[in-house]
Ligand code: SAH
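Just one chain follows, in the form predicted alone, and it is written as structure tokens.
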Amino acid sequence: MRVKTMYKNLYLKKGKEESLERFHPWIFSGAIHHIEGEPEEGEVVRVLTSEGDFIAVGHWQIGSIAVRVLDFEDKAVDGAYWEDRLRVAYDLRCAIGVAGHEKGNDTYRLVHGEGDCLPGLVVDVYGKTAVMQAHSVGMHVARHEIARALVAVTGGTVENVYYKSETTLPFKAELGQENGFIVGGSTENVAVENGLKFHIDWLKGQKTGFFVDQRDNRSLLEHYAHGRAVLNMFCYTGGFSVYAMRGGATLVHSVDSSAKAIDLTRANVELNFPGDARHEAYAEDAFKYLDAMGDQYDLIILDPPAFAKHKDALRQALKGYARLNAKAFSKIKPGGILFTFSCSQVVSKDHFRTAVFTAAAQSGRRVRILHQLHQPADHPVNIYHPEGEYLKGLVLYVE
């Protein structure tokens, strides 16, 4: 065990260690009694109970979540530590068959924050490039050590590390962070997912450039697409559209309010199905499109951006999900299939299901649940941090 005693000690108020004894990885500012010295934001601190007993080490940060716990053992957080943690994460991806030497797939999430006991860090791999995103100052401070560890644990299959954290770090920290390559600098941006090719816009795209978390759900959609007319709402890069075309859809229409997203969708369809007349894409508002469309679709995908970023927005978000799904229920053909999702962390599975139930009841249609969907195995949920379960979805059969 590598013990580091030079870290500053943070003392908890009496009784505030209970959540840490259950291995929850967050310490809120209200639980802190005092800190020895004045740690800089992003610095590693040792967490002690009110009695002075060691309980955890983690990154200190100004804000509601004051410490993100890295380990419950008294370890040095150094280059060797990052290699150890990333090797465990990489071995998991190899074990579930999305990394290593899998043919037809070089796209996966390597690090999923708390789900990999690395709170504040997200890493997605696209071919030879890993896109790293820091959501905490501590991970930002350690970015160069983490990048070196990424190359090492993947055996050199990752040759480039692109750092993309301009919009994810606390702006009050005034870090002056810029997006850019930490390792390498390849311009090759085509990655493969289940044998399909996609342009990945990690420079300016949303998140790390692609929504890896829908991979398994896209495969399921492909299974249902044969002989159906498909509408992919909020299409972004067109992932569901490309899978639907390979599945044998008779037509696929992709809709997104962003003209840039539509351009990327068209490019991805052309990459896999050049000159295929089954696909059309439209840069339009989702609600306006649903209002104006007829009843030509018998498979609809609703995968909107998060309607609720925080708990205060929950009520309005549920109204939005109900309204959106009600429009789809009112227009989908009899015998149609609806894939509907929420990626809002504050919207629970029960909340979402109630919103969809409300929409179904308003439509008067008979609706049955075929599948209940969630994030894939490379987005694991730490059993001690249930907040990490954010993606939920339903596949519905509509009479």
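A residue's number is simply how far along the shown sequence it sits, counting from 1. Since we're looking at a predicted model, the values are computed, not measured.
This protein has a second form, the form predicted together with ligand SAH, left out of what is shown; the following refers to that one.
Chemist: With the cut-off set at 4.5 Å between non-hydrogen atoms, does Ala267 touch ligand SAH in the predicted complex?
Modeler: So Ala267 does not count as contacting ligand SAH.
Chemist: Indicate whether Asp263 is a 4.5 Å heavy atom neighbour of ligand SAH in the predicted complex.
Modeler: Contact check for Asp263: no, nothing within 4.5 Å of ligand SAH in the predicted complex.
Chemist: Could you confirm whether Asp116 comes within 4.5 Å of ligand SAH in the predicted complex, counting heavy atoms only?
Modeler: Result no; Asp116 lies far from ligand SAH in the predicted complex.
Chemist: With the partner left out of view, is Ala286 within 4.5 angstroms of ligand SAH in the predicted complex by any non-hydrogen atom?
Modeler: Yes.
Chemist: From the candidate stretches 244-252, 297-305, 120-128, 220-228, select the single one in contact with ligand SAH in the predicted complex, where contact means a heavy atom within 4.5 Å.
Modeler: Heavy-atom contact with the partner occurs in 297-305.
Chemist: Give me the residue from Thr168, Asn272, Asn194, Gln206 that has a heavy atom within 4.5 Å of ligand SAH in the predicted complex.
Modeler: Here the answer is residue option Gln206.
Chemist: So which of Thr157, Asn105, Asn189, Ser257 gets a non-hydrogen atom within 4.5 Å of ligand SAH in the predicted complex?
Modeler: Checking each option against ligand SAH in the predicted complex, the one that comes within 4.5 Å is Ser257.
Chemist: Scan 218-235 and write down, in order along the chain, each residue with a heavy atom lying within 4.5 Å of ligand SAH in the predicted complex.
Modeler: Arg218, Phe234, Cys235 sit within 4.5 Å of the partner.
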